[in-house]
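Only one chain is given next, in structure tokens, and it is the form predicted alone.
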């Protein structure tokens, strides 16, 4: 096999209270990537849908991780079963996850590229290795190696990143949940959304946040919907970032009144997500989101989906 096509899921990072440590993969939206082996040690990037993606692989969120993979393949510490002849990759990307949406667009590119390349190489790298490579794509996108989108995109489901240095990933068995997402058609760059955050927090706020993170993880693992709902609270990041998102407070309040467990900003925004126990509630939440943004006069896209348990998937 010298060519593979993969489906790369969108992701919700932070899950309200877990800034940079919690993430969840979605069944929609997703990108499509085709990766082909070539017989020279370089990376070629092709955009299939007109998005102005950087053609320089070192500046591309899919290309940078592949360059790291090639460096390890060609280095002294590469896997024993690596190819004995020069290899490289040609990557064709069809973006359905809009950059700047807060739905893990850069992570989908980075994770999809390394999963596809690894498949072509005979799966010689572990999932943890793939996360390590893909982090270089997130560094290109935001200037920071954060794994809360990358990890669920590769592992599937809900994941906890206990540590990046060294990498320590904990998959979390979450209950069945329906996810409603609205993406108002404005852009919030991850790098910009990080710059506005406070550098220091009050101890009382940190204690409350730690309790919410622990409660959310316990709620997922215990399939305790009420505990999940009570724990979906952010007293540190959301109060600052929500000011960048029109209609945020109204959407959150009205969706919870309609029966949603809770939710908040997806990643750095501007997308907003809400979790529900069942599809009928998730559809009510979608209608509320649409109504609020229609009244504001802001174009938007919505998704009603579920948790993607597989992560990046080989489709051809």
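Values in this document were obtained by computation on a predicted structure and should not be read as measured data. Numbering follows the first chain given and starts at 1.
This next part talks about the form predicted in complex with a small molecule, which is not shown.
Asks: Residues in which of 200-208, 159-167, 123-131, 146-154 have heavy atoms within 4.5 Å of the small molecule in the model of the complex?
Replies: Checking each option against the 4.5 Å cut-off leaves 146-154.
Asks: At the 4.5 Å heavy atom threshold, is residue 13 in contact with the small molecule in the model of the complex?
Replies: It does: once the small molecule is placed as it appears in the model of the complex, residue 13 has a heavy atom within 4.5 Å of it.
Asks: Using heavy atoms and a 4.5 Å limit, would one call residue 268 a contact residue for the small molecule in the model of the complex?
Replies: Flag for residue 268 set to yes.
Asks: At 4.5 Å between heavy atoms, is residue 119 in contact with the small molecule in the model of the complex?
Replies: Close contact is absent here: in the model of the complex, residue 119 is far from the small molecule, nothing within 4.5 Å, heavy atoms only.
Asks: Although the small molecule is absent from this view, report whether residue 96 comes within 4.5 Å of it in the model of the complex, heavy atoms only.
Replies: Answer no; every heavy atom of residue 96 is more than 4.5 Å from the small molecule in the model of the complex.
Asks: Which of these residues, 82, 194, 139, 230, gets a heavy atom within 4.5 Å of the small molecule in the model of the complex?
Replies: Only one option qualifies, and that one is 194.
Asks: Is the small molecule close enough to 20, 190 and 241 in the model of the complex that each of the three has a heavy atom within 4.5 Å of it?
Replies: Each of the three qualifies.
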